[in-house]
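Take a look at this single chain in structure tokens; it is the form predicted alone.
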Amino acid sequence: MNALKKICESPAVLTLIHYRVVVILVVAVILSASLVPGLTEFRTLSLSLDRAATLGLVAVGLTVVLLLGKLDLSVGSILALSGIAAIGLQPQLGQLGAAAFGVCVGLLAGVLNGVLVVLMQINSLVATLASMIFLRAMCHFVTESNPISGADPLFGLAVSRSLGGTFSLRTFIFLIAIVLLFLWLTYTVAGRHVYAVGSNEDAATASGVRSGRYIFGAFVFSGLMAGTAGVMQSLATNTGSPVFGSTVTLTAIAAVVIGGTRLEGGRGSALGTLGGVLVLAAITTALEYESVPSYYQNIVTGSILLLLILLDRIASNSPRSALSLSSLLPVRSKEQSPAR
């Protein structure tokens, strides 16, 4: 046991653990390429990214929520309701108007979650679980539990069709969202405040950071991303269904966690979320090509999550991590002493 502990705490192993998302992504791509002929060809990659873009948009919104140490279980229901609005309101609002209204539905659902969590001080798990049930019931109520079809099936082809032989529209939207989130989290004061609130909300509030605003904005942003994903998916399939997004919540959370974001908050990145989405996309493509049942895919995803949690625990308990943390504490106390 001691020998295994020493191996895990060696500099080389700790370096691999630090870049574990990249390592797992490389391994997943290599294994998938060995199983799926032509996986590395641009056309195949473009199709895989298009399929993963819906999950990716939901994961982008969840990244900010999880960075703040909160949970949003309602994104799957928001996705379905937004898609139903984008399809069902086409006769009244037109195709573009209905699509815009569907995005607004996601935005309003995010506002609802923000009110429950921030203003009413309800635990985010309980609040979003309640909104998940309520919004899913709304989906079944307005559709009478039946899928609805759009007026023009050709209108939604622009969402999933490649643009100029490159990526599809929803893939571009997903990649742009990832890049913008990365720049915001990395290079803005507001982005640093997100990490501060996620690490210690009380300390951040005491330092003058308006934690409630960031948490409220995170749920609004998550609802907006889920609504956009729902509109894109429904337009691409020309269908609004009350069962859409029934599994996307846990899968998106898995992608964000695989990307290195901690459920406790305070640590993670947009690029890590991109890596997590790509890992799941590569694994799903390979397993579906081999006609592996979906429950086996969930076993693989769960195994990866457990492995990453174990590696994260090893990295957190290593002497190097403890030494690094202890060396920071005196500096922080000196910096805070004038403020007192």
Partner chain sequence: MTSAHTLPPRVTDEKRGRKLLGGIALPVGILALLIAGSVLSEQFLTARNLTNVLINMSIVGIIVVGMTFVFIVRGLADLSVPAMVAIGALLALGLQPALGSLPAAMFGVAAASCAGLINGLLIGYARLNPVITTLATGTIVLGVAQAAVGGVIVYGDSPGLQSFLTGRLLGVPVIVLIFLAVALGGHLLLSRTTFGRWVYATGANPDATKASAVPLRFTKGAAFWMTATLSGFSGVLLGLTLQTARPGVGTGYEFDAITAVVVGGVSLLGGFGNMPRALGGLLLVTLLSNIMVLNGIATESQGLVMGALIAAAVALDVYLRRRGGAS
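Not measured: the values here are computed from a predicted model. Positions refer to the first chain, counted from 1.
The same protein also exists as the form predicted in complex with the partner chain; that form is not shown, yet it is the one meant from here on.
In plain terms, the part of the chain that comes close to the partner chain in the model of the complex, with a heavy atom within 4.5 Å, is 128-136 out of 128-136, 175-183, 148-156, 229-237.
The partner is absent here; in the model of the complex, the one residue of 253, 107, 169, 98 having a heavy atom within 4.5 Å of the partner chain is 253.
For the options 309, 47, 33, 27, the one in contact with the partner chain in the model of the complex, meaning a heavy atom within 4.5 Å, is 309. Proximity of residue 292 to the partner chain in the model of the complex falls outside the 4.5 Å heavy atom cutoff.
Interface residue remark: residue 263 is counted as part of the site for the partner chain in the model of the complex, having a heavy atom within 4.5 Å. Although the partner is absent here, residue 162 is not a contact residue: none of its heavy atoms lies within 4.5 angstroms of the partner chain in the model of the complex. The partner chain in the model of the complex comes within 4.5 Å of no heavy atom belonging to residue 92. Along 281-306, these residues reach a heavy atom to within 4.5 Å of the partner chain in the model of the complex: 295, 296, 298, 299, 302, 303, 305, 306.
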